[in-house]
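A lone chain, given as structure tokens: the form predicted alone.
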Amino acid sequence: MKYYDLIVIGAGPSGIFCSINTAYSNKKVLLVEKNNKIGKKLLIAGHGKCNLTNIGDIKSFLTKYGTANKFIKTSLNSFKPKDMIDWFEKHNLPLTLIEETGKYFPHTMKSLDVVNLLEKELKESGVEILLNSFISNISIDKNNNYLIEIENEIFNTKSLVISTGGASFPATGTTGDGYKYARQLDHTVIHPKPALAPIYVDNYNFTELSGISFKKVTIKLFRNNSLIAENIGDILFTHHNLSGPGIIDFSRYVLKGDILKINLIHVSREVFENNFLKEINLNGKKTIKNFLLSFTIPERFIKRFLELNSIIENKKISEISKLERTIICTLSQYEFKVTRVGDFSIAMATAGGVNLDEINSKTMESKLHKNLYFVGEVLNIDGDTGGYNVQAAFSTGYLAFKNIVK
């Protein structure tokens, strides 16, 4: 039997960062990973460029984690976005801010450089790494140490960190293993579902508009005629579904059968209709297409929208019928009925996971078992797109380390 001060299960960003910091504190650390390399999911973060964090203070960050905002506060304060930027600067991989989005990437724009740096730090800190290793059982001995069984070998540790990630992008190894371990250790798991995913809608008629986007539109979610949630963000029409930050950030709330109402014209229906009537009086010869272009709607979308509703694009607005005007006014609350949210194979994050009520947010330690920690996406924490999930992973891993070395 081999003994360690700390065993970390899962070599994603939270587990890696916890391991590095703990090992530098003169602790014997074992990092166990079932893949043949560390940071496999991190390699695809930010489309291979690795969006690590975002601009803004803690107050703004806390609006990005849904109902987990209070839980994540201590973690974010223990390792702030500024600390992330400084850490990479100190380790000769400075981050670059993309002003338009507020996202920070490594200046090389390569996820591989981030993973290589973390791998270098693991080695230099003295962390022992076991790759291609599958855990068959986790138990607690009479001394309250944790016994980890791997291929008939037993590893003993005082402290155990589970950082196996969620269930999104299972091809990278995130297949929900941590939920099994959590249940073995008496924890409950909130049913995992895809988050940061595109949304598929009924009768999608915009395949030919793939690439068309709308900036900072209001999106409302209705269920059984009741408003469930509201968001402002960019949306994107793809070949098969609705996407873009405004949609994928919203996906955590969406269920099959829900109705999305999207304001594509940035003004209310009442204001839009009043403008319509005023324009008829001032310039009734203006075509409906040109009138709609004044609301910064992409021309390709206007042409498709009018075509779908059998309205001639060059028709004068003074000749538009009351029924046609009613149809055009739906642009202020354009409805889509949800058929499904993109599955785990394309979702960037997981909503659900280890129940936060059973975790001490001040330390990341289990409330059920001493010296047991859960960090990263295995928890019921999912942030918006833009580096918020990677930041949460580093921050929760760091907070666990601080308590472990006490």
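For every residue, the number given is its place in the sequence shown, counted from 1. Keep in mind the model is a prediction, meaning the values are calculated, not measured.
The following text describes the form predicted together with a small molecule, which does not appear among the structures shown.
Only one of the listed residues (Val32, Val338, Ala68, Ile359) places a non-hydrogen atom within 4.5 angstroms of the small molecule in the predicted bound form, and that residue is Val32. Here is the short version: of Gly173, Pro192, Pro81, Pro245, the single residue with a heavy atom within 4.5 Å of the small molecule in the predicted bound form is Gly173. No residue in the set Ser139, Ser159 and Leu399 has a non-hydrogen atom no more than 4.5 Å from the small molecule in the predicted bound form.
Checking 22-30, 36-44, 360-368, 56-64 against the small molecule in the predicted bound form, the stretch whose residues place heavy atoms within 4.5 Å of it is 36-44. Among heavy atoms of Ser133, some come within 4.5 Å of the small molecule in the predicted bound form. Among residues of the shown chain, Asp249 is not one whose heavy atoms approach the small molecule to within 4.5 Å in the predicted bound form. Of the heavy atoms in Met348, some are within 4.5 Å of the small molecule in the predicted bound form. The small molecule in the predicted bound form comes within 4.5 Å of a heavy atom belonging to Asp177.
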